[in-house]
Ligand code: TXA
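What follows is one chain in structure tokens, specifically the form predicted alone.
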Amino acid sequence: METKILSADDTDSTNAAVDEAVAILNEGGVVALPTETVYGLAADAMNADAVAQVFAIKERPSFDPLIVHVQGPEYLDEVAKDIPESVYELTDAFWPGALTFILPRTESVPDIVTAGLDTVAVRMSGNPVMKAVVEKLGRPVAAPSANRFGRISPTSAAAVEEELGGKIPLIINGGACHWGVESTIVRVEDPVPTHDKPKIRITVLRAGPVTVEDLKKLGRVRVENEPAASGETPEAPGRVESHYAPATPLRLLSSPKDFVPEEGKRYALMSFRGLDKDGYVPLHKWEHVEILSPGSGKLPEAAVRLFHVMRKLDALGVDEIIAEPVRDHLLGRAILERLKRAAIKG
């Protein structure tokens, strides 16, 4: 199959690309679309046969549920029921954007989308291409990351082509993704009425661009860090133990003293800021060093570059990628979660 790549760099090209994508989706096909987080492999969420293609192309196991993209909060009841009122407080604050809710599903959502669970993952993307496609299609779109299952998520059209070129008919090139890491996933409960100062109860199932600190402004937050147990269907996407992983073994260190190189092995380093003093760069004569935040030393820049840098290091053919940790706060929590999922175990 030839994979066409259409640009969305101005109004006319975007409209033409959106029209072609919607035509393919209406015919039960799949397309790769940009979102503000990562590129997604999209299918009509209400068409089980179309969604089955997503699983087949990604080689994704059927036990891993998908995220459904809707046109807006007013369309939530098309895919979800018994929606807590608190959800709408959060959509007012963060939609369109990188926040996904786990909600009780309606019977209209095919089982394949939810991996047979009684819940569905739902969000509204803020990317203009994804928004336009969902609105023009007039139905929800299921869109996991546009890569082979467990591999590095794509944050550019070129990365999608590298992963899925020849397997899908269309990629819309909307440029680099704004955030570079997948959406935050939450489970929400209404506040207890008897509490003096009732607050929304929010459980974070996957860290992402909407941070714990952001959510604490509106509710009581707890974080579930543990991945799904082996053989267990995860409640939310991205919660399997090994995920976002390069083919090259990646080791996440907790301190510089943990690195003891083996003779004859070639190592590459993924560093946060690349500091020469009290950092990881001077530890070894690395085959290659990539810095996540070379310009600002800030977490948003590191998040945007994370998967791009991981993909670049994976292509070097070294024996092992060594990853320097980042602080477990704000957007660093999402970066660290991805590094832990990508790292070799044991």
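Note that residue numbering begins at 1 and tracks the sequence as displayed. These numbers come from a predicted model, not from an experiment.
The following text describes the form predicted together with the ligand, which does not appear among the structures shown.
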property: Non-hydrogen atom within 4.5 angstroms of the ligand in the predicted bound form for each of 251, 305 and 310; result: no
property: Residue stretch of 292-300, 59-67, 43-51, 316-324 approaching the ligand in the predicted bound form, non-hydrogen atom distance within 4.5 Å; result: 59-67
property: Answer option from 71, 119, 91, 156, heavy atom within 4.5 Å of the ligand in the predicted bound form; result: 119
property: Interface membership of residue 185, the ligand in the predicted bound form, 4.5 Å heavy atom rule; result: yes
property: Contact of residue 127 with the ligand in the predicted bound form (heavy atom, 4.5 Å); result: no
property: 4.5 Å heavy atom contact, residue 30 to the ligand in the predicted bound form; result: no
property: 4.5 angstroms heavy atom contact with the ligand in the predicted bound form for residue 143; result: yes
property: Heavy atom within 4.5 Å of the ligand in the predicted bound form - qualifying residues of 18-53; result: 35, 37, 38, 39, 40
